[in-house]
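What follows is one chain in structure tokens, specifically the form predicted on its own.
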């Protein structure tokens, strides 16, 4: 077999991504037909910037989901004869090619790039969502009630934000910290807040409907405490919920670092929105404070929060890539994009192909998140 040219390499790569193309076509077709009923998401289809961003983000989401079908090799498979081979190089047995070449250990660069998307997608969106739940749960009462509660929480948030973000990440993900009780203690506190959030959410909404309330509360407590015991303390007897200690350390670090910023954003939005007439009308009706915060103020803050959510996933993706680049928080054999870029840059002047694909993947995902945030911001301003 001969080495493939760039035309053949491109066609084969596009062919490997067939599950992603199928999923994208299905999602976009259904969304386009129903865009009038999909609120802010549906309005993205009238905004080319947001649409391109959505396409890039969903591309990597589906790549992470279907990585096992897309990648022709496992991320750890090694062939000594394929060390540092150029893109399109044929395998010794003639059964295929390394489409983007081989790295210094003879692993397929294309397959590692594909599997690397799972590392990002398993941490950045979920950790950012947890951070938003923490920030919303604490920011709403701080902005609405004010007083000493607001002063105390604002002081703690400012204390955390006083540390440079990168240095704080480095501190939290070092092996020395991982061996202490700090990650587990932080997980025990931070992972409990989403459960509190949903309990208060349902109680404020269905307080006058006890049958519905107890159903929602029972489901929340059972599923929430089950997941909480497994994720925070690895104590799930069924083994359904589990988080590797290394992954837990990174996850908790992302939540801890992002929560104060979200808190300040939510607090500021709450202080602004609570002066609106519809909040005064709810107060006149005698609605309880938590109902006003969660069902009057929070829905009207969704635009800025959605924009910040997308941007914050992008920031987290860059931070995770930076940690991986310096070998912090990920195992040495991981296909993490940052780690792969670091491994490839050592021979960048001779063999550029191992470092460029993960760098382009990281750049495209962050670009997509930024474009999606711009699209959401433009459409939310029109509401």
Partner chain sequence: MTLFIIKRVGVMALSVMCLTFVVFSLTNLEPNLRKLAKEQNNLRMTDAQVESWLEREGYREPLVARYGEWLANFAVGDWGHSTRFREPVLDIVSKRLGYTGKLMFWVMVVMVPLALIIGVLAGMREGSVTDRSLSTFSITTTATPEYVSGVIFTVIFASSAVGLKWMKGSATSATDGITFENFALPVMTMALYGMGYIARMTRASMAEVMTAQYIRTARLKGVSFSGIVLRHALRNALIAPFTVIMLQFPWLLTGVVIVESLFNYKGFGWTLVEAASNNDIELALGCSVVAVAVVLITQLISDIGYVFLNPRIRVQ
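Bear in mind that the values here come from a model prediction, so they are computed numbers and not experimental data. Numbering follows the first chain given and starts at 1.
The discussion below concerns the form predicted together with the partner chain, not included here.
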* **Non-hydrogen atom contact residue 170 with the partner chain in the predicted complex at 4.5 angstroms** => yes
* Applying a 4.5 Å heavy atom distance criterion, does residue 20 contact the partner chain in the predicted complex? -> no
* 4.5 Å heavy atom contact, residue 56 and the partner chain in the predicted complex -> no
* Tell me, yes or no, whether residue 65 is in contact with the partner chain in the predicted complex, where a contact means a heavy atom of each within 4.5 Å. => no
* Asked: Is it true that 49, 317 and 355 each have at least one non-hydrogen atom within 4.5 Å of the partner chain in the predicted complex?
  -> yes
* To do: Check each of 76, 199, 192, 182 and return the one that places a heavy atom within 4.5 angstroms of the partner chain in the predicted complex.
  => 182
* **Partner-contacting position among 147, 237, 210, 164 - heavy atom within 4.5 Å of the partner chain in the predicted complex** => 164
* To do: Please determine, with the chain shown alone, which of 110-118, 89-97, 154-162, 292-300 has non-hydrogen atoms within 4.5 Å of the partner chain in the predicted complex.
  => 154-162
* Asked: Which residues from 268-300 come close to the partner chain in the predicted complex, meaning a heavy atom within 4.5 Å?
  -> none
